[in-house]
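Single chain ahead, by itself, as structure tokens, in the form predicted on its own.
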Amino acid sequence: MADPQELVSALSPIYGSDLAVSQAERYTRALALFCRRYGPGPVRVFRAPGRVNLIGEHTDYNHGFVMPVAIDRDILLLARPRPDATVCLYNVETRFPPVSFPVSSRVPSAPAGHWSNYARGVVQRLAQEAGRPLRGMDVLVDGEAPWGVPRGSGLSSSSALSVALALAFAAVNDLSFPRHHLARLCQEAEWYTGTRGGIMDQFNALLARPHHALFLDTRPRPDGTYTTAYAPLPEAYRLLVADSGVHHDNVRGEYNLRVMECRAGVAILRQHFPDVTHLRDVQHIPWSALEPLLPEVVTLQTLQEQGLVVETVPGVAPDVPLRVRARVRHVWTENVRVQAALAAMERGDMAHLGTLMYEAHRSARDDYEISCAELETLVSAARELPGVLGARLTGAGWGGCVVILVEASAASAVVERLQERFYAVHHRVPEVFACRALGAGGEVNLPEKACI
């Protein structure tokens, strides 16, 4: 094993000197477990961060704007190339036993909901992209608390896992991709699980910058690259993440239903604006001009009977009511808010950023209908506490977490009061923690002695 101080020194640039000691203990345990599982030999170590989305929810699959932050909770992945074309997986966190599967352009799936389907999707997509025989690898995944990304809490544990796996699989096979292209491959790989999400989470995990939020225009340029900007997070403020304790599954029907409702909006608007392919295409048109064109409720069956071509989504029946106007209104106004948030952060106006966060939460609750009682308790309680500038649900919704912008001097008091108020309503203490903005995922250059 590596000398403890050498390991701390290697991890300090990633996590900061105050967290490096705890992280060194985590890495040491993971290396020892890998050795027990797979035997001695060199090990390569990769990490990918979770994220909290500061503002810009459900806009990415509509080619809109988002502003995520990579947080100091990450997926740690240890890998060693194998001489054959088999991927062997062991996850220290899940109840599932170890699994293995062949490297192939058509990887067989595990049962629905099995965590290994994220790995299978990554391997399949990268094998398709490579177009040549690839080797397998032995893998250990560590996402355990307190430093792992909590699963089902809206902090993008699934995308962090996908990115870490992609980084490792590409490395052991000498595959080289520009990071924006690897993000796209990871997004497509996650479609293997049935979720039709956007590119925000993968992009953030691969391009984040320490002490900044990432502004991302999720519409690719003609050359396949993306427009980004980095918005500074001043030291005088902190981001708190409060976990509602209500966990969701990203392949649930409600998520795909929202995607379907947006696609229905596109089909309807295309009658008036023929070049529309995504809701982003009408962003320059005043909402007052768009609103009368969109029905409050319609079904896919009705639209098809009208001769409209609508791109369908798995699991959405033709007779399910689609609340098109409200969903499009959320996406349109959320894009405006994200652009305003970037401008506010660039001029250091954190108070206005907080106001925009509250407005974003109301839209997500009322127009996109992705909130729940526990999230509402957290946001309402945060609004009443001194030092809080803004709060909103973050992630896909229907549970998960709230992100809170707070003055650094008030952070500890806010955590305590928030837990008290949540307990008074729901009779349990939520996890609330401060997080810092870390950099992008990648291979961790540990001391040579760290290899076992």
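These numbers come from a predicted model, not from an experiment. Residues carry their position along the shown sequence, with the first being 1.
This protein has a second form, the form predicted in complex with a small molecule, left out of what is shown; the following refers to that one.
Comparing 403 to 411, 40 to 48, 53 to 61, 421 to 429 against the small molecule in the model of the complex, the single stretch with non-hydrogen atoms within 4.5 angstroms of it is 53 to 61. Proximity to the small molecule in the model of the complex, defined as a heavy atom within 4.5 Å, holds among Leu375, Met200, Ala213, Leu77 only for Met200.
Taking a 4.5 Å heavy atom cutoff to the small molecule in the model of the complex, the contact residue among Leu31, Val388, Met67, Ala396 is Ala396.
Looking at Tyr118, you'd find every heavy atom of it more than 4.5 angstroms from the small molecule in the model of the complex. Contact between Trp332 and the small molecule in the model of the complex is not found at the 4.5 Å heavy atom cutoff.
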